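So this first bit is one chain, no partners, the form predicted alone, shown in structure tokens.
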Amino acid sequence: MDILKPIAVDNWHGEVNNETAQEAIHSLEHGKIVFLPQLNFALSTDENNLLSPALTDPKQKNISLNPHSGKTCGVVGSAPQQTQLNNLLQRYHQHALALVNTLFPSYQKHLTAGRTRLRTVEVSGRSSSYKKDDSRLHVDSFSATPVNGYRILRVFSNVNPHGVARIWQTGESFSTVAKRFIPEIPSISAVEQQLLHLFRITKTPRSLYDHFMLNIHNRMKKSIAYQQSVIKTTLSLPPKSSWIVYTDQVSHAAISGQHVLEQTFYLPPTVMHYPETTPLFVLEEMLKHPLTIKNKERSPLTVAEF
């Protein structure tokens, strides 16, 4: 099964017909990458001049915008450069939001916007701990920011000005990954969940869902045997293309490339068209008990991430 599902969209604000929208959401929720080979996020000459690793704080992997406060962090450039980068990220946020609302209209009222990021640093050869090494296959989960079952949806655009592709690898289905790692993950008590929040290790209490997802993420990356033995598919994602993927579901690794824009959104699993494909459903079926903290009417990310 080809992990990439090409969709013919070439306009961030254009309309799509119902057949295209249905095809896109079926592919996305069933663990494919919705690939938009004709969807370019065009940069001006001045914006292209901002694509320099020298403008990214060396302590950070990227430059990021909080779309709720409008503040940008991770920049070490001049004040005018910071303003230009803020404007660029604001524009990408608006374009990505319009795209998701168009392709997946049923999501529109349920989206919580996460950070907008510009990744200018070359992935290949970057030194980091195994937990932060995105060149190892993993599914996304956050140690400090529990999502309590919410989906992690990401829009990417390759804006490399030198014609260099972004190289990804993908691995097994989420259910196969979960069957491999869940048996070796110890449970966590309600007291431990609360203490993590009390001592500000997590921004909200860590649900059982987050506990198991984080352990899957870490154990995938830590196991060299797994990384070497698992069957991988290599993808070349060219400049002037974009793609959309549930990174909590699709096992992925960024192998090489730089100059990529990214927008994160969070969605409750209850609004999925195919809820049986969600990591929450898969894990609850395996473990035979609920994994989320109830009585949360709004996204746990609304305040916590920022």
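Each residue number is its position in the shown sequence, starting from 1. Everything numeric in this text was worked out from a predicted model, so none of it was measured.
There is another form of this protein, the form predicted in complex with a small molecule, and it is not shown here; the text below is about that form.
- Looking at 134-142, 108-116, 178-186, 205-213, the stretch with residues near the small molecule in the predicted bound form, meaning non-hydrogen atoms within 4.5 angstroms, turns out to be 134-142.
- The small molecule is not shown here, and in the predicted bound form it never comes within 4.5 Å of any heavy atom of F104.
- In the predicted bound form, R166 approaches the small molecule with a heavy atom inside 4.5 Å.
- With a 4.5 Å cutoff on heavy atoms, R154 counts as touching the small molecule in the predicted bound form.
- Although the partner is absent here, L55 lies well away from the small molecule in the predicted bound form, with no heavy atom inside 4.5 Å.
- For the candidate set M272, L43, L51, A254, a heavy atom within 4.5 Å of the small molecule in the predicted bound form is found for exactly one residue, namely A254.
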